[in-house]
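A single chain, nothing else alongside it, follows as structure tokens in the form predicted alone.
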Amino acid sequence: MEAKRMAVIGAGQMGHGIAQVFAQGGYRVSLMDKYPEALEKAKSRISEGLARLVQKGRVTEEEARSCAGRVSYTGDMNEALQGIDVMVEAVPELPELKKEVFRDADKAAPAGAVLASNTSNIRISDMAEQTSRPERVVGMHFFNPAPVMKLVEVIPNPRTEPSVVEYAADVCRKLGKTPVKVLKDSPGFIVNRINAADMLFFSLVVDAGVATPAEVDAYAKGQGMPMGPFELLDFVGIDVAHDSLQYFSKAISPEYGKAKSIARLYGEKRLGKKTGGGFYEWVEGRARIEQAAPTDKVTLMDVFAIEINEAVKLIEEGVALPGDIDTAVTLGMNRPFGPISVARSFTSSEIASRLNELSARFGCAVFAPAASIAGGKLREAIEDRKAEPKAEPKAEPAAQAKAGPVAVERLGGGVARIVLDRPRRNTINAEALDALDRAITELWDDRETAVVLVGGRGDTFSAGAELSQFFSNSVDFMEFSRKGQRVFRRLSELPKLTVAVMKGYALGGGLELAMSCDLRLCADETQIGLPEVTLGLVPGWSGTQRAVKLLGAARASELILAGRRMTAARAYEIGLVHAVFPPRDIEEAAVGYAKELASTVAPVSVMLAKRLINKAAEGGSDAGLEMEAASLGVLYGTEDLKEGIAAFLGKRAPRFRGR
């Protein structure tokens, strides 16, 4: 059954945002709150939110009016739930209040309706038990602000029908959200379970006099965070943090009740931004944070160890899979990487040692190592696995076989295609490099293929390396450079004619990928460039060497040293690309171009000619590539690199200091 009508119960910060999301998704939605002033405020906020979207050009005025018209406001539960398909409860995080809402909703909602809770911490089973339909009760945990944040945690209670979980996840997808299915009903689910341990840690740091909130926040911002943990606590609300920790102290461990600073502020009704004061004073929507030197008593390693520990506990308890944990944390906490990715850079003993130190230092058992870490089995715990046995694979056309983030498609007529298929504009990470390497191997001895197109899924070739990856030290960063160099070198040596199909963005590592192909076709609106020097980096996947060999030193300098993007026309003018097409024609033109080549060139001649061309162009490339990778290793330790990445992720201009 396709959902058509929605209801949201509770018109506060989360409720009005969820109602707006439903309306933007094309659903009719009833927003219910028993307080008329809350409904008026919600109506105003939705109107303001839609007006901002119009200002930014994301929707037209007519679409905004239509969206606003799909929301109705009522103070009556029965009226709100009449004829609905899905209800989302979004009242304050008070267990008894939520139970009352579900008892009333069970009586008022149609028998087939799904009843969902937006709770951020409370077990879904607590609400499901209040109804006569626990099999149709599920968690749909949106994140604040709901119109902006992509993540929705979808949580079953022990009696939820699997079809209801999938139904809720499908609704999220239709809203443009990323649903992460939690496997087991557990307090805090994924994101807030990990976040609660962080909150407890930072509160204990202040309680013990290790550092002040301002010193901790100064350190966090110096590591590229847009907000420090205490500013963020104030922004979200001290009451939200307090209620969460109190719930965890009852549901998981009394240790969560040790956060004295948060409890004190809650008792004083200093709830942060919403009351004008919390850890900081707030004036005109901004925190007044006194100047403070960054603390050296807290490190990222402390936070990494705590978050890895909680992630491993979730895996051990069967709450979530490793990959889903990373997805949830990156999207739900606005992080560049999740704890599983970080954990791969450390050993069990390194994490266990830091956790034992923290547990002893603060007298807090929450920080004690999880069983897998204490037993030296961190690597085994975080290995990717499936939630259930794989179903029998469906027969796929021989033309298409996908391998992770890279697909190999056989198009017939002697043509195959390698396609990058990753979120965030087909950015390239270590996993994508491994998948590209496998694709090259698959095609290496394929006698049916003479020409290989290399492109990106959707409207982008590749915006380059994924800058959010975690590297524990400069050697790892340097080896990541070498990995890319090796894979791109193999692509350049593939005994087939390779043609890059550039569209949308061909930046950084994406352009280096294109330059590793024999020929380059380009859509005329493509943005092309090697912007690494604007981030405190240098091209690290053979770009410094290939650009000079393809273009000569003068034009390579224009591309590399200025760090500016160039147009397709300019790229054609300097010989970087071989043909330019309108964007709507590029894919069809590329396939036609490749099939014509496949029918006219001799495969063995191409193979030998490529080797001769590569040999003629090589010169001293090995030494140059070694210097390229070594330069990245040196840059990894600079303040300018941290500033460049922080500015990129924060969408602001960098402030480089030459150190």
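What you are looking at is a predicted structure, and each value in this text was computed from that prediction instead of being measured. Position 1 is the first residue in the sequence shown; the rest follow in order.
Just so it is clear, the following notes concern the form predicted in complex with a small molecule, a form of the same protein that is not shown.
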Candidate stretches 519-527, 479-487, 159-167, 87-95 - the one whose heavy atoms come within 4.5 Å of the small molecule in the model of the complex:
87-95
Could you work out which of Lys503, His141, Arg546, Arg136 is the residue within 4.5 angstroms of the small molecule in the model of the complex, going by heavy atoms?
His141
Sort through Val59, Val606, Cys67, Ala38 and report the residue having a heavy atom within 4.5 Å of the small molecule in the model of the complex.
Ala38
Any chance Gln13 has a heavy atom within 4.5 Å of the small molecule in the model of the complex?
yes
May I ask you to state whether Ile315 is within 4.5 Å of the small molecule in the model of the complex, using heavy atom distances?
no
Please determine whether Val101 contacts the small molecule in the model of the complex, using a 4.5 Å cut-off between heavy atoms.
yes
Using heavy atoms and a 4.5 Å limit, would one call Thr498 a contact residue for the small molecule in the model of the complex?
no
